[in-house]
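Just the one chain here, laid out as structure tokens, in the form predicted on its own.
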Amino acid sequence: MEIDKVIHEPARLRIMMILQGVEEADFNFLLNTLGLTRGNLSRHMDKLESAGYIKIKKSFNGKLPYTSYQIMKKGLGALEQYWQNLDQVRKGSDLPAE
């Protein structure tokens, strides 16, 4: 049992938890909700997308760029597995018996 290091980083865990509860979220919503810088949020989203956990959709709203994010089935599974693994660690079931 190993903790998923992609999800375990606090900002990415918060992103995954938000995306789990919505159909999709846009960049500005996440930026304001999480209190991250634009560059920091973009780096976290790139990392989650590279892992196959989220889908990034880029389009235009009139002449303004619009970016939205959606959690993928793989991301939902990884988040569920993360919580299960964390529960095992918390309960001490991964520790050797004394």
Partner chain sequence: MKNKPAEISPGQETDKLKEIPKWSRRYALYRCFPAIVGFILLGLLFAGIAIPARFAGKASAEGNPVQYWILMTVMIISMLLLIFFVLTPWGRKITKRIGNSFYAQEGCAGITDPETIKKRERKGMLTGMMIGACVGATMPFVMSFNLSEKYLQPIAAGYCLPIILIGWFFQKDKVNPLGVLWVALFGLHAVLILTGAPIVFTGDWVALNMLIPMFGYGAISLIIAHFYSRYALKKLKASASMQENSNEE
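Numbering follows the first chain given and starts at 1. It should be emphasised that the depicted structure is a prediction, and the values quoted were computed from it without experimental measurement.
Beyond what is shown, the protein has a form predicted together with the partner chain; the following relates to that form.
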Q: Report yes if any heavy atom of N32 sits within 4.5 Å of a heavy atom of the partner chain in the predicted bound form; otherwise report no.
A: yes
(Q) Whether L36 contacts the partner chain in the predicted bound form should be assessed with a 4.5 Å heavy atom distance threshold; does it? (A) yes
**Q.** Distance check, K57 to the partner chain in the predicted bound form, heavy atom within 4.5 Å
**A.** yes
Q) At the 4.5 Å heavy atom threshold, is S50 in contact with the partner chain in the predicted bound form? A) no
Q) What are the residues of 37 to 71, in order along the chain, with a heavy atom within 4.5 Å of the partner chain in the predicted bound form? A) T37, N40, R43, H44, K47, K57, Y66, Q70
